Ligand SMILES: C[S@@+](CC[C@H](N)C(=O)[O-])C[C@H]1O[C@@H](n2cnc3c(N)ncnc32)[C@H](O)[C@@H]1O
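The chain below stands alone and is given as structure tokens, in the form predicted on its own.
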Amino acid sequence: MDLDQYREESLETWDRFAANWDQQRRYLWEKTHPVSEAMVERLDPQPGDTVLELASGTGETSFLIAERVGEDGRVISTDFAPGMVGAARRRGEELGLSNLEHRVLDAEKMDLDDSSVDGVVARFGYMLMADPAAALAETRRVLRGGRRLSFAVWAGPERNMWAAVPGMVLVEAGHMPPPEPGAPGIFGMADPNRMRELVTGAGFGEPSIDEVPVVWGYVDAAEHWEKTNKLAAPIAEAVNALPPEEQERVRATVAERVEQLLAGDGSGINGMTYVVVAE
């Protein structure tokens, strides 16, 4: 994989999908807020702290932290996609949060001083970065000694069939290459051993790793397809590049497999994340 090309394409993709995430922010928060809440609880920000969020998306986790650090604290809410930063800024202004700073920031090359923040969070960000080792080293650089990093990544495909099924169908049909081991992507940091190596290699102590489930509660296969194509940008990009008749074939195959997972209590389509904390 050409990582420079990946960086460029990833930025273009997520900037383009920012409007969808903004439109779907209530849905996303309803489904994934347990992950953000677990991250923030384990970070344990205190009134007056300065906390950095990387890959903030539309900003909901930053808003949660802003309440914890209070008026004397500060939250630096960042993303590498300007569209995401704009969406977070607009919502922050609507909420009247005065302790928020919104910035476009490359997590692999941060324009921040050494030892300048009291905590760092990143929800579903490091796994998508071209060089997570560099991003974690930068995180360690800007974090004050003895303070915490709290981040979340998705567990493996077998525990996240909502994403694995469409990905497998696209790979089987030859529309996407099989994922390379260690390459950036939704499952790029799903191996706890690799997580530990990356975190300790960046200069942090041994991390704690907890599982936090995500309950999607899809009504049917049609809703799964709709939400996936609005929010799972890499999958949606691959689908949208296909001729209409092939898109329909992919949709039908995905629907057939998803319907099987939705049978009974529907638990087969739910997700699992890891929340990782290190000092």
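Please read all numbers here as calculations on a predicted model, not as lab measurements. From 1 onward, residues are counted along the sequence shown.
We do not show the form predicted in complex with this ligand, though everything after this point is about it.
Heavy atoms within 4.5 Å of this ligand in the predicted bound form are found in one stretch of 53 to 61, 242 to 250, 40 to 48, 213 to 221, which is 53 to 61. The listed set A155, V117, A202, A81 contains one residue whose heavy atoms approach this ligand in the predicted bound form to within 4.5 Å, identified as A81. The listed set A88, L149, M129, L136 contains one residue whose heavy atoms approach this ligand in the predicted bound form to within 4.5 Å, identified as M129. Residue contact check for D191: none of its heavy atoms lie within 4.5 Å of this ligand in the predicted bound form. A residue is said to contact a partner when one of its heavy atoms sits within 4.5 Å of a partner heavy atom; E108 meets this definition for this ligand in the predicted bound form.
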